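A lone chain, given as structure tokens: the form predicted on its own.
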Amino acid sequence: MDIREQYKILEFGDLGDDRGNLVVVEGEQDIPFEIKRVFYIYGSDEKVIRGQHANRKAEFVLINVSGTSKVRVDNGFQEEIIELNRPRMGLYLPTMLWKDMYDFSRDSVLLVLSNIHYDGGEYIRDYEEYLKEVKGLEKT
């Protein structure tokens, strides 16, 4: 499967007015799942690499609400780099995509929404193990 068919770029509406911008993101409407967990990454810089894992159960939407960052997604066969550079832009990542977040601007705040509560056991943190799993899934 082409990697571009796996992830989705989401564009959220701006409901602001002359008082300023207002972006609303609702689970099961603006994103394709019920939100069970929210976290954010800040204080990183262009040299830091976050993520470096895939998830068997967790789906994510990443939104740079301030500043910019890049996300490298990899399905074991192809990779793509997406720059998150607008607070109205979201990146939907389904299960079993390897992800690296990096090149954070000084003012970057990367908001992450997930469909499940944290479960360390569903993370794949070793890239070689990830490749074995996705190549095995491809054969079935």
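A quick note: this is a predicted structure, and the numbers were derived from the prediction, not measured. The first residue of the shown sequence is 1; numbering continues from there.
What comes next is about the form predicted in complex with thymidine-5'-diphosphate (TYD), which does not appear here.
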Segment that reaches thymidine-5'-diphosphate (TYD) in the predicted bound form - one of 128 to 136, 8 to 16, 21 to 29, 115 to 123, heavy atoms within 4.5 Å: 115 to 123
Listed residue that, although thymidine-5'-diphosphate (TYD) is not shown, lies within 4.5 Å of it in the predicted bound form (heavy atoms), from Lys36, Arg56, Lys70, Arg50: Arg50
Checking Met101, Val109, Leu91, Leu97 against thymidine-5'-diphosphate (TYD) in the predicted bound form, the residue with a non-hydrogen atom inside 4.5 angstroms turns out to be Met101
Although the partner isn't part of this model, could you tell me whether Ile41 comes within 4.5 Å of thymidine-5'-diphosphate (TYD) in the predicted bound form, counting any heavy atom of the residue? yes
